[in-house]
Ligand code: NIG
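Before any questions on binding or motion, here is one chain by itself as structure tokens, the form predicted alone.
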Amino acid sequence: MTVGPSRDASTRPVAGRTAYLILHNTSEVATMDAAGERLLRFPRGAVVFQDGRVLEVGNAGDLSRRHADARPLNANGHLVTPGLVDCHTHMIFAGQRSAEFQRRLAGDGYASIAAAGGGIRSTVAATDREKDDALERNLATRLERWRANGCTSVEVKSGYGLTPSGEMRLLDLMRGATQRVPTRVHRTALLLHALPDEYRGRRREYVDEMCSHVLPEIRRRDLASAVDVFCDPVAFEVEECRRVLTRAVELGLSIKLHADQFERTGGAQLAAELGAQSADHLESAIEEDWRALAEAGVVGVLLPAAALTLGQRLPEARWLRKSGARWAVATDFNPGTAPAQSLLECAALAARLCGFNAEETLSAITWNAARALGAEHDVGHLTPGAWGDAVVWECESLEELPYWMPAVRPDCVFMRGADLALPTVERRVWP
């Protein structure tokens, strides 16, 4: 198991790269402004990077004259956006559940599959059997695959350990994997996911253990920056979630919730009450819940792959706009309900299912998603001072991003102003 102090591989210098450069000859640069309030579009624009951050963005001619000493990089007439942000994944696990998918196609529901020994617990068992080095290596490979698809910031949740010791193991391995790759990784401890078999009949004791021992240890060892809970009748009740989240806040950790996925039971309202970073899923939330999230400044995260798998409806764009809430879109990558490996394809689904326009789609997978991670000051946009994380896409207009299916591929992906070669993700892991 990996031990030692945490390091952020995404901030390491990139050897052999010029620290001062200009990305030019774009079809356009499209980015949200620093406050996430409006879309900025610069036809044939340019971006100047210096020391890993954005120095300027704007008209290419003006920037080229002011930054004549910058190393030029040619975008070959393609669209440039910020690096994408996937703000909800369950990326550390072993095995797969394709047989369950076939059962769903035959009409079996989430609860019946779980009752038959499938669902979360089947992945927990496979993950428990897997060797530590294999779990860590597979997570690093998945992170590289996300970067190859244009995601420069990714949230990774634990949750397939369930027991206190199992969760601590996964959090330790997550930290090890993130030291291998240049992707920005936000580690989240999903502490109330499902009740372990050994705690059946002892729910209160389980929640007590999370509050009194696991959370302080996570904080002491800096194993995660946020805590998540699954607030739903198939998982944990509102008051159980409140106890864990309140304790997390007391320890200085950020909080988020899986809320109102299968039934409306108060998860979104709890997120608003506690000032969570995000409330995720929300398939059963109503307009009142979205208004509460808007008033509290909580981002609502939509997970179209899971909704599609489970035959659930997503909210319509027209009343999301009316609510005033911010929304993001994420993959929810997991082996059960969302084996989705492309954030941009999930965004294209959301555009069709909800009615989002191109601007809303871009904000949902950049600035708003960064806000759901508390990282909006540094990533999710290409304005001065932000990290120089950008994507040159193999298309010419912003409107093409949610249009093409399969999704548009990146031509180049920049991390902190450096064009890192896209690896053959099955074989290459960054040292």
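Note that the coordinates shown come from a computational prediction; the quantities given were computed from them, not determined experimentally. Numbers follow the displayed sequence, beginning with 1.
Although it is not shown, the form predicted together with this ligand is what the next lines describe.
Practice task
From the candidate stretches 266 to 274, 294 to 302, 136 to 144, 326 to 334, select the single one in contact with this ligand in the predicted bound form, where contact means a heavy atom within 4.5 Å.
Solution key: It is 326 to 334 that comes within 4.5 Å of the partner.
Practice task
Scan V244, I120, A285, L349 and let me know which has any heavy atom within 4.5 Å of this ligand in the predicted bound form.
Solution key: Only one option qualifies, and that one is I120.
Handout entry: Contact assignment for this ligand in the predicted bound form, among R97, R175, H186, H78, heavy atom within 4.5 Å
Key = The residue from R97, R175, H186, H78 that makes the contact is R97.
Practice task
Could you confirm whether K256 comes within 4.5 Å of this ligand in the predicted bound form, counting heavy atoms only?
Solution key: No - in the predicted bound form, heavy atoms of K256 and this ligand never come within 4.5 Å of each other.
Exercise for the section: Could you confirm whether S278 comes within 4.5 Å of this ligand in the predicted bound form, counting heavy atoms only? Expected result: Output for S278 is no: heavy atoms all beyond 4.5 Å of this ligand.
Practice task
Spell out, yes or no, whether the shortest heavy atom distance between Q261 and this ligand in the predicted bound form is within 4.5 Å.
Solution key: The answer is yes: Q261 has a heavy atom within 4.5 Å of this ligand.
Practice task
Flag F230 as yes or no: does it have a non-hydrogen atom within 4.5 angstroms of any non-hydrogen atom of this ligand in the predicted bound form?
Solution key: Yes - in the predicted bound form, heavy atoms of F230 and this ligand come within 4.5 Å of each other.
Practice task
Residue by residue through 71 to 95, tell me which have a non-hydrogen atom within 4.5 angstroms of this ligand in the predicted bound form.
Solution key: Residues within 4.5 Å: H88, H90.
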